[in-house]
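What follows is one chain in C-alpha cells, specifically the form predicted alone.
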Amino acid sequence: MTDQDGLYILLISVHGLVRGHDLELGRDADTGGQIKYVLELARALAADPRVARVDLLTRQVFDAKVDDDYARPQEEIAPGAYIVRLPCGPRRYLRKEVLWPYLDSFADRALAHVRAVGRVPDLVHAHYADAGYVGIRLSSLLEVPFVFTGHSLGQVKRQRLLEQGIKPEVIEAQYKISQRIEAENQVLDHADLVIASTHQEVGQQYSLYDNYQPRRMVVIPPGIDLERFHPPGRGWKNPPIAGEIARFLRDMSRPMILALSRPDPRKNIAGLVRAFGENARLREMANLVVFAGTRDDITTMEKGPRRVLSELMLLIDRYDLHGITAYPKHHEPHDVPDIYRLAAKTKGVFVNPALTEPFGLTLLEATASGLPIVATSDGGPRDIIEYCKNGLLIDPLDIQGMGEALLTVLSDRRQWNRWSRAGLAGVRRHFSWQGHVNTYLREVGKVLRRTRRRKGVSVPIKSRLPTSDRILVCDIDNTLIGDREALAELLRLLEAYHGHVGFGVATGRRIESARKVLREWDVPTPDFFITAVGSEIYYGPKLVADSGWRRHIDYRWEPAAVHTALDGVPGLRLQPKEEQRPFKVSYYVDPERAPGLREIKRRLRKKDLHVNVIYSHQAFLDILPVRASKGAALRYFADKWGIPVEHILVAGDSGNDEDMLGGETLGVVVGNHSSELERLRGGERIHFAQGHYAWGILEGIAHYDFLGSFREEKEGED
C-alpha cells in the first residue's frame, strides 16, 4: 500500500468491548454509543474511494467473563477496515478509570502495529480522553496530524456530579477525574482538529477549558444506517422480540413509551419511571418499555448497574405499574431496529431522559424508524430536534413536565404523524453516513493541506521510522561533522533512500546544543535524537521526549548522593549548570590530578550508588543511572520500534560511543577516533575505517553493503 492509494486513517478507542458484530451495548458504562459510533465511522470511511485503509485500535482482552472475540488480535469489519486489538496492562477486562497507568505501553504497541503495516497513517483520530492521551504520543512520534472526538468531557461530568451532591473526593476516587481533565487539556493543546457532535458541545462544554480554541473545532453529527433503521412497512409482522415484551404487558396494542440505554445513573431511568407512574392519564393509555442493557442476575452485576436496576424494580412496585411496564432481561443487537419499529407501529414515542447527553445515537435511530422523540434539553437532542422537527425537549429533573411532554406526543395523532414524517425527512437530509464522511474528509483535507504548507512541501513529511528497514545512527562531534564535503555526500545518499533508511544521532550533547550544531552544519532534523550521553531520547522536529525511557532509567537514581560522593575529589570539576541534566551529572576531568576510573567507580559503589560511569576524550566524566547509556538507549529504541539491532549501523569516535558499537549492531569507528576505542579493534562486527569524519561513515556503509538489499528490491520492482 502506497500513499497514492488513498488515505490511511488510524482510529483509537481504548476502552469497552469492541467487536464488529453483536455489539454488547449497555453491558456496562464503557460499552455504549461511542463503541457503535467508531465502528460505523470506520466502515463508512473505508467504503469511500478516497480512503485506502482504516484501523481501529482498541484494547485486547483475555477474560473468561467476556467472549473470546475480544482476544482476537485483528478482525476485518469491512473491506479495508480492521479492528486491531493491542495488549494494554492486565489481560482481564478493566473499566476505563483504571487504564491510565498502561496507556504508554498501548502507544508503544500501536507504533509496532504501524511498522507492521508498513505505512505511516495520514492522521490519528482519538476518541475519548484515554485515547486522546495515546493519540498525542502516537501522532507526535509519527509526525502526522491529530484529530480528537471527546464523546463526553471530564469538566462537564465533574460539574454534573457535584450538582448531584457527590463529594469531590468521592468523584476523584471513583472516576480519576483530575487525570482525565488533564489529559483533555493536553489534547486541546495538541489537536489539529476537534470534531464535536453538536454546537452546544463546542460552545458550552469545550469552553470550560482554558485552551478553548473554537477555530480548531468543527461540528459533524454522527451518521445513521438508514438500511437498518426504517419505519415498519405495510404487512410488517411482529418480530421475536415482541414476545419478550409481551410477557410483561396486558395489552400490547397500547402506545409504547420506549427507552433504550445502558443502566447508568446518568441515563435517569428512575426519573422516567416516576414521570410515568405519577401521570394517571399516561398509565391509562400507554405502556412503558425499558431496555436497560442485558443481564442474567442483578445480584452479580457491578454496583452502579445493580443500583439502577434495583431502583427500577422498586419504583415499578411502588407505583404498581405491573402489566403496563416491560423491562426485558435480554435483547440482541439485531433486535434493536425491530424494537423501534414495534414502538412506531403502536404510534408510540421514544424518550431519552438522560441528565446530560453529548449526542444520543438512539435518538437518530428512533427518528429514522418513524418515532417522535422526547429528550433532555442538552447537547445532541437540541440539534437533532432543531434539524428534524420531530419532538419535544424536556428538563430531565422536572418529573411532572416529562410526563406532560410524553402525554402531548401520544394524545394528538395528527401531530404524531407530522413529527414522524418530519423526522424521516430530517434524518435523511442531515444525518446520513455518506454526508458525515464527506464533511469529515473535507475538514481533514484542510488540516493536511495546512500541515504541508507549514512544512513547505507538496506532500506531507512523516516519520521515516515505521517504514525504515534499517537505521543509521551517528555520533555528532568528530564523526558526523568535521568535513563538509563528506557530510554533504552522506546526506545525499540518505535522501536517495528516504523512507527506507532512518537516521538518528547519539551524542553527549544536550538536546539544545545538538540541534544548534546540526543547524550550523545544515543537517536536516534527524528522525530521533539520543542525547546527554544516552540519558534522553527525542523524536522528530517537535522533539517529542520518550517518557517511557525516562521511567525506565529512573531506577535507583540519586543525583544528590552522586554530588556528595564526588565532592572534593581532586581533578574533578562540575561542568556548567546547563550541562547538568535530570539523569546526568557531568564533570570536567584533569587526568594529571584525578584518580583513575576504577577508583571513581569504587568510591560510588561504597556509597551504594548504582550508576553508569562514562569517561570520554580523556576530559569528560558523565555519571548516569545504571540503566542509561547510548547503547542501552539505542537498544530500547530498537525494541520500541521493532527494528532488529543487526539492521542498525552505528558510527562513533570516542569512549562514550563504546557500548553502542558493541553487540549485534554494525559498528563503524571513524579514522579520527580517540585512542579509547582501540581496544575494540578486531571485533567481529566493528569496522575501523581509514576515512575521517563522514568519509568514515560512508566507508562503513560500503563495507557492510548496508544499502545492498534496497538496490535488489528496486531492481525487482522494475
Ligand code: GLC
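If you're wondering where the values come from, they're calculated on a predicted model, not measured in any experiment. Numbering starts at 1 and follows the sequence shown.
Below, we refer to the form predicted together with the ligand, which is not included among the displayed structures.
Out of the stretches listed (580-588, 132-140, 160-168, 183-191), which one is close to the ligand in the model of the complex, meaning heavy atoms within 4.5 Å?
Of the options, only 580-588 has residues within 4.5 Å of the partner.
Evaluate Arg109 for contact with the ligand in the model of the complex, applying a 4.5 angstroms cut-off between non-hydrogen atoms, and reply yes or no.
Arg109: no contact with the ligand in the model of the complex.
Are any of the heavy atoms in Tyr636 no more than 4.5 Å from a heavy atom of the ligand in the model of the complex?
Contact check for Tyr636: no, nothing within 4.5 Å of the ligand in the model of the complex.
Evaluate Gln575 for contact with the ligand in the model of the complex, applying a 4.5 angstroms cut-off between non-hydrogen atoms, and reply yes or no.
Taking the distances in the model of the complex, the answer for Gln575 is yes, it comes within 4.5 Å of the ligand.
Heavy atom to heavy atom, is Val533 within 4.5 Å of the ligand in the model of the complex?
Yes, Val533 sits close enough to the ligand in the model of the complex that at least one of its heavy atoms falls within 4.5 Å.
Of Arg515, Arg509, Arg119, Lys347, the one that lies within 4.5 Å of the ligand in the model of the complex (heavy atoms)
Filtering the options by heavy-atom distance leaves Arg509.
Work out which of Trp433, Tyr82, Tyr497, Phe620 lies within 4.5 Å of the ligand in the model of the complex, going by heavy atoms.
Going through each option in turn, the one that passes is Phe620.
In sequence order, which positions of 470-506 have a non-hydrogen atom within 4.5 Å of the ligand in the model of the complex?
Residues within 4.5 Å: none in this stretch.
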